[in-house]
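Shown next as C-alpha coordinates: one chain only, the form predicted on its own.
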Amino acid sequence: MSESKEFLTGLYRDLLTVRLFEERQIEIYALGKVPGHIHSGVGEEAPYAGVFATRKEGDYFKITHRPIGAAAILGMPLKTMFAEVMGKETGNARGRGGVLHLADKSKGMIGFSGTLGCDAGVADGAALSIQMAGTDNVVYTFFGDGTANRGPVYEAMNLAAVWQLPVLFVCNNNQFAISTYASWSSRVEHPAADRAAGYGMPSRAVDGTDVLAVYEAAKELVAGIRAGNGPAVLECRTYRWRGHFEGDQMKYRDAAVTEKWTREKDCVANFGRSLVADGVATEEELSAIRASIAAEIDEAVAFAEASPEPKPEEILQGLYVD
(Lines give C-alpha, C1' and ligand atoms only; values in the text may rest on other atoms or scores of the structure.)
Protein backbone atom coordinates (compact mmCIF):
# COMPACT_ATOMS: atom_id res chain seq x y z
CA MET A 1 0.00 0.00 0.00
CA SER A 2 1.46 3.34 -1.06
CA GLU A 3 -0.49 5.52 1.39
CA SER A 4 0.82 6.33 4.86
CA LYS A 5 -0.07 4.31 7.95
CA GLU A 6 -1.85 7.36 9.37
CA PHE A 7 -4.04 7.66 6.28
CA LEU A 8 -4.85 3.95 6.09
CA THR A 9 -5.64 3.50 9.76
CA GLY A 10 -7.74 6.66 9.59
CA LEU A 11 -9.64 5.16 6.68
CA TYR A 12 -10.19 2.00 8.71
CA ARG A 13 -11.46 4.08 11.63
CA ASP A 14 -13.95 5.81 9.33
CA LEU A 15 -15.20 2.49 7.97
CA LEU A 16 -15.53 0.99 11.42
CA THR A 17 -17.20 4.05 12.91
CA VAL A 18 -19.97 3.88 10.33
CA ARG A 19 -20.31 0.10 10.78
CA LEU A 20 -20.58 0.29 14.56
CA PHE A 21 -23.00 3.22 14.36
CA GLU A 22 -25.25 1.30 11.99
CA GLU A 23 -25.14 -1.83 14.14
CA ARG A 24 -26.01 0.11 17.28
CA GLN A 25 -28.82 1.88 15.43
CA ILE A 26 -30.32 -1.53 14.60
CA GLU A 27 -30.02 -2.54 18.26
CA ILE A 28 -31.73 0.52 19.72
CA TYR A 29 -34.44 0.33 17.07
CA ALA A 30 -35.18 -3.27 18.10
CA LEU A 31 -35.51 -2.04 21.68
CA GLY A 32 -38.19 0.45 20.61
CA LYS A 33 -36.05 3.52 21.23
CA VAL A 34 -36.24 4.94 17.69
CA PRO A 35 -39.47 6.55 16.43
CA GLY A 36 -40.28 5.60 12.85
CA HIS A 37 -38.31 3.29 10.55
CA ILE A 38 -34.57 3.02 10.03
CA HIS A 39 -32.80 1.97 6.83
CA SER A 40 -29.63 0.07 7.70
CA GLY A 41 -26.49 0.69 5.69
CA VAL A 42 -24.44 -2.14 7.20
CA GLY A 43 -22.10 -3.40 4.48
CA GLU A 44 -22.24 -0.16 2.47
CA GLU A 45 -19.65 1.89 4.34
CA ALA A 46 -16.84 1.89 1.78
CA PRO A 47 -18.36 4.28 -0.81
CA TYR A 48 -18.62 6.97 1.86
CA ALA A 49 -15.30 6.36 3.60
CA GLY A 50 -13.40 6.10 0.31
CA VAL A 51 -15.01 9.14 -1.30
CA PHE A 52 -14.82 11.34 1.79
CA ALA A 53 -11.10 10.66 2.04
CA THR A 54 -10.73 13.11 -0.87
CA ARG A 55 -12.59 15.98 0.84
CA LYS A 56 -11.17 19.28 2.03
CA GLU A 57 -12.37 22.33 3.94
CA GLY A 58 -15.12 24.22 2.13
CA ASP A 59 -16.61 21.21 0.31
CA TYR A 60 -20.33 20.36 0.54
CA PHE A 61 -21.98 17.00 1.11
CA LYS A 62 -25.39 15.47 0.45
CA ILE A 63 -25.58 12.00 1.93
CA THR A 64 -28.65 9.80 1.83
CA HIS A 65 -30.74 7.63 4.15
CA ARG A 66 -28.31 4.69 3.97
CA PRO A 67 -25.93 4.68 5.81
CA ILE A 68 -26.60 7.80 7.87
CA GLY A 69 -23.60 6.86 10.01
CA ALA A 70 -21.51 8.45 7.25
CA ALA A 71 -22.25 11.81 8.90
CA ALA A 72 -19.76 10.84 11.61
CA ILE A 73 -16.93 10.83 9.05
CA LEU A 74 -17.74 14.47 8.30
CA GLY A 75 -17.47 15.39 11.95
CA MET A 76 -21.04 15.35 13.19
CA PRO A 77 -20.81 14.34 16.87
CA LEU A 78 -22.10 10.86 17.64
CA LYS A 79 -24.08 12.30 20.55
CA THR A 80 -25.91 14.64 18.20
CA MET A 81 -26.57 11.85 15.71
CA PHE A 82 -28.00 9.37 18.19
CA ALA A 83 -30.05 12.10 19.87
CA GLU A 84 -31.66 12.99 16.54
CA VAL A 85 -32.27 9.33 15.66
CA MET A 86 -33.98 8.89 19.04
CA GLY A 87 -36.07 12.06 18.63
CA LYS A 88 -34.41 14.07 21.40
CA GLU A 89 -33.97 17.82 21.88
CA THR A 90 -30.17 17.49 21.72
CA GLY A 91 -30.28 16.22 18.13
CA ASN A 92 -29.24 18.35 15.17
CA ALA A 93 -32.89 19.19 14.42
CA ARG A 94 -33.97 18.98 18.06
CA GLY A 95 -35.51 15.59 17.37
CA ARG A 96 -37.89 16.90 14.71
CA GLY A 97 -36.13 15.38 11.71
CA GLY A 98 -35.09 11.92 12.83
CA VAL A 99 -33.06 9.48 10.76
CA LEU A 100 -33.90 11.04 7.40
CA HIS A 101 -32.79 14.56 8.18
CA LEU A 102 -29.23 14.69 9.49
CA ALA A 103 -27.65 17.99 8.50
CA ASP A 104 -24.97 20.32 9.81
CA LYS A 105 -24.10 23.42 7.83
CA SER A 106 -20.90 23.91 9.83
CA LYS A 107 -19.67 20.55 8.48
CA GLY A 108 -20.78 21.29 4.91
CA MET A 109 -23.72 18.87 5.22
CA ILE A 110 -26.59 20.44 3.31
CA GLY A 111 -29.23 17.89 4.27
CA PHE A 112 -31.33 15.45 2.30
CA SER A 113 -34.94 14.63 1.65
CA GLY A 114 -36.83 11.54 2.71
CA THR A 115 -38.26 11.51 -0.82
CA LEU A 116 -35.17 10.26 -2.59
CA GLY A 117 -33.79 12.21 -5.53
CA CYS A 118 -36.34 15.02 -5.50
CA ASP A 119 -33.79 17.48 -4.11
CA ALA A 120 -30.91 16.53 -6.42
CA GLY A 121 -30.82 20.08 -7.74
CA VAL A 122 -29.76 21.37 -4.32
CA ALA A 123 -26.30 19.98 -5.02
CA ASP A 124 -26.18 22.09 -8.18
CA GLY A 125 -27.14 25.16 -6.18
CA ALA A 126 -24.31 24.57 -3.72
CA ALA A 127 -21.94 23.97 -6.63
CA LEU A 128 -23.03 27.19 -8.30
CA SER A 129 -22.13 29.09 -5.13
CA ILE A 130 -18.66 27.49 -5.27
CA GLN A 131 -18.28 28.41 -8.90
CA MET A 132 -19.29 32.01 -8.23
CA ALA A 133 -16.87 32.23 -5.31
CA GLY A 134 -14.05 31.02 -7.56
CA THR A 135 -12.73 28.30 -5.24
CA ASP A 136 -11.77 24.74 -6.15
CA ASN A 137 -14.23 23.12 -3.78
CA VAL A 138 -16.54 20.23 -4.69
CA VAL A 139 -20.08 19.10 -3.87
CA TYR A 140 -20.34 15.38 -3.14
CA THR A 141 -23.89 14.13 -3.70
CA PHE A 142 -24.94 10.52 -3.10
CA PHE A 143 -27.88 8.52 -4.40
CA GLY A 144 -28.80 4.89 -5.02
CA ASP A 145 -29.39 2.76 -8.11
CA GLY A 146 -33.14 3.22 -7.82
CA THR A 147 -32.86 6.98 -7.42
CA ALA A 148 -30.60 7.04 -10.48
CA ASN A 149 -33.75 6.44 -12.55
CA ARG A 150 -35.55 9.54 -11.29
CA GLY A 151 -36.13 12.60 -13.43
CA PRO A 152 -34.84 15.16 -10.89
CA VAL A 153 -31.50 13.33 -10.89
CA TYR A 154 -31.30 13.49 -14.68
CA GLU A 155 -32.10 17.20 -14.56
CA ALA A 156 -29.47 17.87 -11.91
CA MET A 157 -26.83 15.97 -13.86
CA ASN A 158 -27.70 17.72 -17.10
CA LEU A 159 -27.62 21.20 -15.54
CA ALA A 160 -24.33 20.46 -13.79
CA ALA A 161 -22.85 19.39 -17.12
CA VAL A 162 -24.18 22.39 -19.05
CA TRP A 163 -22.92 24.87 -16.45
CA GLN A 164 -19.77 22.82 -15.73
CA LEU A 165 -20.48 22.79 -12.02
CA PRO A 166 -18.10 21.16 -9.51
CA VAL A 167 -20.23 18.15 -8.54
CA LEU A 168 -19.24 14.55 -7.95
CA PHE A 169 -22.35 12.41 -8.40
CA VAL A 170 -21.83 9.22 -6.39
CA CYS A 171 -24.17 6.29 -6.98
CA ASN A 172 -24.18 3.67 -4.25
CA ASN A 173 -25.53 0.79 -6.32
CA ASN A 174 -26.61 -1.69 -3.66
CA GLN A 175 -28.67 -3.53 -6.31
CA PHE A 176 -32.10 -2.92 -4.78
CA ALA A 177 -34.65 -0.11 -4.94
CA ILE A 178 -36.84 -1.22 -2.05
CA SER A 179 -37.68 -4.66 -3.54
CA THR A 180 -36.79 -3.99 -7.19
CA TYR A 181 -33.56 -5.43 -8.59
CA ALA A 182 -31.42 -2.89 -10.42
CA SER A 183 -31.48 -5.11 -13.54
CA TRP A 184 -35.30 -4.90 -13.58
CA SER A 185 -35.31 -1.12 -13.82
CA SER A 186 -32.29 -0.34 -15.97
CA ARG A 187 -31.08 -1.73 -19.29
CA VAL A 188 -27.48 -0.80 -18.58
CA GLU A 189 -25.19 -2.52 -16.10
CA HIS A 190 -24.28 0.68 -14.31
CA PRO A 191 -27.39 2.88 -13.87
CA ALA A 192 -25.34 6.02 -13.19
CA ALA A 193 -21.89 5.52 -14.71
CA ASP A 194 -23.15 4.15 -18.04
CA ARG A 195 -25.38 7.18 -18.50
CA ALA A 196 -22.68 9.75 -17.79
CA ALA A 197 -21.59 9.90 -21.43
CA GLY A 198 -24.99 11.31 -22.32
CA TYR A 199 -24.12 14.37 -20.25
CA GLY A 200 -20.51 14.55 -21.42
CA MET A 201 -19.22 13.59 -18.00
CA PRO A 202 -16.28 11.33 -17.13
CA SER A 203 -17.25 8.35 -15.00
CA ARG A 204 -15.86 5.37 -13.14
CA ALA A 205 -17.54 2.20 -11.89
CA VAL A 206 -15.79 0.37 -9.07
CA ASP A 207 -16.17 -2.40 -6.52
CA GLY A 208 -17.91 -0.51 -3.72
CA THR A 209 -16.76 -3.03 -1.13
CA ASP A 210 -13.09 -2.19 -1.76
CA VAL A 211 -12.47 1.08 0.06
CA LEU A 212 -9.11 1.72 -1.61
CA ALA A 213 -10.58 1.16 -5.08
CA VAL A 214 -13.29 3.68 -4.22
CA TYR A 215 -10.72 6.15 -2.92
CA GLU A 216 -8.47 5.89 -5.97
CA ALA A 217 -11.36 6.37 -8.40
CA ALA A 218 -12.77 9.27 -6.40
CA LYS A 219 -9.32 10.85 -6.12
CA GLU A 220 -8.94 10.80 -9.91
CA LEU A 221 -12.39 12.24 -10.59
CA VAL A 222 -12.21 14.87 -7.85
CA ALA A 223 -8.84 16.09 -9.13
CA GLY A 224 -10.48 16.78 -12.50
CA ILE A 225 -13.39 18.58 -10.89
CA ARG A 226 -11.13 20.76 -8.74
CA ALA A 227 -9.13 21.62 -11.86
CA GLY A 228 -12.27 23.15 -13.37
CA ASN A 229 -13.25 20.33 -15.72
CA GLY A 230 -16.86 20.11 -14.58
CA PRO A 231 -18.86 17.30 -12.95
CA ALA A 232 -18.20 13.58 -12.88
CA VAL A 233 -19.94 10.33 -11.92
CA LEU A 234 -18.66 7.58 -9.63
CA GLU A 235 -20.65 4.38 -9.25
CA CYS A 236 -19.87 1.97 -6.42
CA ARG A 237 -21.34 -1.51 -6.58
CA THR A 238 -22.26 -2.83 -3.15
CA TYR A 239 -25.01 -5.06 -1.78
CA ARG A 240 -27.78 -4.27 0.66
CA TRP A 241 -27.20 -6.70 3.49
CA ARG A 242 -30.50 -6.04 5.25
CA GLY A 243 -34.01 -5.14 4.14
CA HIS A 244 -35.11 -1.82 2.78
CA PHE A 245 -36.18 -1.05 6.34
CA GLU A 246 -35.83 -2.98 9.59
CA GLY A 247 -38.63 -5.54 9.61
CA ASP A 248 -38.57 -6.09 5.85
CA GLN A 249 -38.95 -9.88 5.36
CA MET A 250 -36.97 -9.80 2.08
CA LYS A 251 -39.08 -12.50 0.42
CA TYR A 252 -38.08 -11.04 -2.95
CA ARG A 253 -34.46 -12.21 -2.84
CA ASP A 254 -32.27 -15.29 -2.41
CA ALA A 255 -30.94 -15.60 1.14
CA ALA A 256 -27.98 -17.65 -0.10
CA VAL A 257 -26.80 -14.76 -2.29
CA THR A 258 -27.06 -12.38 0.64
CA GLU A 259 -25.09 -14.74 2.84
CA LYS A 260 -22.33 -15.03 0.22
CA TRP A 261 -21.99 -11.25 -0.09
CA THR A 262 -21.85 -10.73 3.66
CA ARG A 263 -19.28 -13.49 4.07
CA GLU A 264 -16.99 -12.63 1.17
CA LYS A 265 -17.44 -8.90 0.57
CA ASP A 266 -17.35 -7.35 4.03
CA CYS A 267 -15.54 -4.06 3.38
CA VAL A 268 -14.55 -3.56 7.01
CA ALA A 269 -13.26 -7.08 7.69
CA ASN A 270 -11.47 -7.35 4.34
CA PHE A 271 -9.70 -4.00 4.72
CA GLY A 272 -8.70 -4.83 8.28
CA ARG A 273 -7.19 -8.14 7.15
CA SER A 274 -5.26 -6.42 4.36
CA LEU A 275 -3.82 -3.86 6.80
CA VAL A 276 -2.53 -6.67 9.00
CA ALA A 277 -1.28 -8.78 6.08
CA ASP A 278 0.63 -5.81 4.63
CA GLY A 279 2.21 -4.91 7.95
CA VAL A 280 0.41 -1.57 8.18
CA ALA A 281 -1.22 -2.36 11.53
CA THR A 282 -1.40 -5.16 14.05
CA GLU A 283 -4.48 -7.00 15.25
CA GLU A 284 -3.97 -5.31 18.61
CA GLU A 285 -3.97 -1.85 17.03
CA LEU A 286 -7.17 -2.56 15.13
CA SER A 287 -8.79 -3.93 18.29
CA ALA A 288 -7.83 -0.75 20.12
CA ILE A 289 -9.48 1.34 17.40
CA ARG A 290 -12.64 -0.76 17.72
CA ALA A 291 -12.68 -0.42 21.50
CA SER A 292 -12.23 3.35 21.26
CA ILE A 293 -15.12 3.76 18.82
CA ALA A 294 -17.36 1.41 20.80
CA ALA A 295 -16.75 3.46 23.95
CA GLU A 296 -17.64 6.68 22.11
CA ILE A 297 -20.86 5.10 20.85
CA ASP A 298 -21.77 3.81 24.32
CA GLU A 299 -21.32 7.33 25.67
CA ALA A 300 -23.33 8.84 22.81
CA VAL A 301 -26.26 6.46 23.28
CA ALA A 302 -26.28 7.09 27.03
CA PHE A 303 -26.30 10.84 26.34
CA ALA A 304 -29.20 10.49 23.90
CA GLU A 305 -31.21 8.30 26.26
CA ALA A 306 -30.80 10.87 29.05
CA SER A 307 -31.71 13.81 26.80
CA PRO A 308 -35.18 15.38 26.98
CA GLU A 309 -37.86 14.81 24.38
CA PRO A 310 -39.45 17.78 22.59
CA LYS A 311 -42.23 19.44 24.57
CA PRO A 312 -45.66 19.24 22.89
CA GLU A 313 -46.12 23.00 23.07
CA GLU A 314 -42.79 23.54 21.27
CA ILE A 315 -43.12 20.87 18.60
CA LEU A 316 -43.85 23.36 15.79
CA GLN A 317 -40.85 25.57 16.53
CA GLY A 318 -38.60 25.75 13.50
CA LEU A 319 -41.32 24.78 11.08
CA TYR A 320 -41.66 28.37 9.91
CA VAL A 321 -39.25 31.29 9.87
CA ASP A 322 -39.77 33.41 12.98
Partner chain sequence: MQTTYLQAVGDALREEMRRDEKIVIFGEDVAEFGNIFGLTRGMLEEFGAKRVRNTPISETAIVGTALGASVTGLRPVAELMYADFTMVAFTELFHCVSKWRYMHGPDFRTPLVIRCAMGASNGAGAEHSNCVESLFMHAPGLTIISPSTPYDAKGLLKSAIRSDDPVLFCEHKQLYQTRGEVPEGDYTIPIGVADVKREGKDVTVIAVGLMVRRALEAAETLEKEGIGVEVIDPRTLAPFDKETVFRSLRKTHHAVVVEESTRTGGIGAELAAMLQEELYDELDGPVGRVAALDVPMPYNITLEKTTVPDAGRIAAAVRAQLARN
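Numbering follows the first chain given and starts at 1. Since the model is a prediction, treat every value here as computed from it, not as a measurement.
The protein also exists as the form predicted together with the partner chain; that form is not presented, and the subsequent description refers to it.
K.L.:
Going by heavy atom distances of 4.5 angstroms or less, which of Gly87, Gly243, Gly146, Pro152 would be at the interface with the partner chain in the model of the complex?
P.N.:
Flagged contact: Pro152.
K.L.:
Only one of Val122, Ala196, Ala177, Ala205 comes within 4.5 Å of the partner chain in the model of the complex by heavy atoms, so just point that one out.
P.N.:
Contact check passes for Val122.
K.L.:
Using a 4.5 Å heavy atom cut-off, indicate which stretch of 247 to 255, 93 to 101, 211 to 219, 181 to 189 touches the partner chain in the model of the complex.
P.N.:
Among the listed stretches, the partner-contacting one is 93 to 101.
K.L.:
Is it true that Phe142, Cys171 and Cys236 each have at least one non-hydrogen atom within 4.5 Å of the partner chain in the model of the complex?
P.N.:
Not one of the three qualifies.
K.L.:
Should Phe112 be counted as a contact of the partner chain in the model of the complex, where contact means heavy atoms within 4.5 Å?
P.N.:
It does: once the partner chain is placed as it appears in the model of the complex, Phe112 has a heavy atom within 4.5 Å of it.
K.L.:
So in the model of the complex, does any heavy atom of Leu78 sit within 4.5 Å of the partner chain?
P.N.:
No, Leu78 is distant from the partner.
K.L.:
Taking the partner chain as it sits in the model of the complex, is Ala126 in contact with it (heavy atom to heavy atom, 4.5 Å or less)?
P.N.:
Taking the distances in the model of the complex, the answer for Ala126 is yes, it comes within 4.5 Å of the partner chain.
K.L.:
Hey, in the model of the complex, does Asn229 get a heavy atom within 4.5 angstroms of the partner chain?
P.N.:
Judged by the heavy-atom cut-off of 4.5 Å, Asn229 is well away from the partner chain in the model of the complex.
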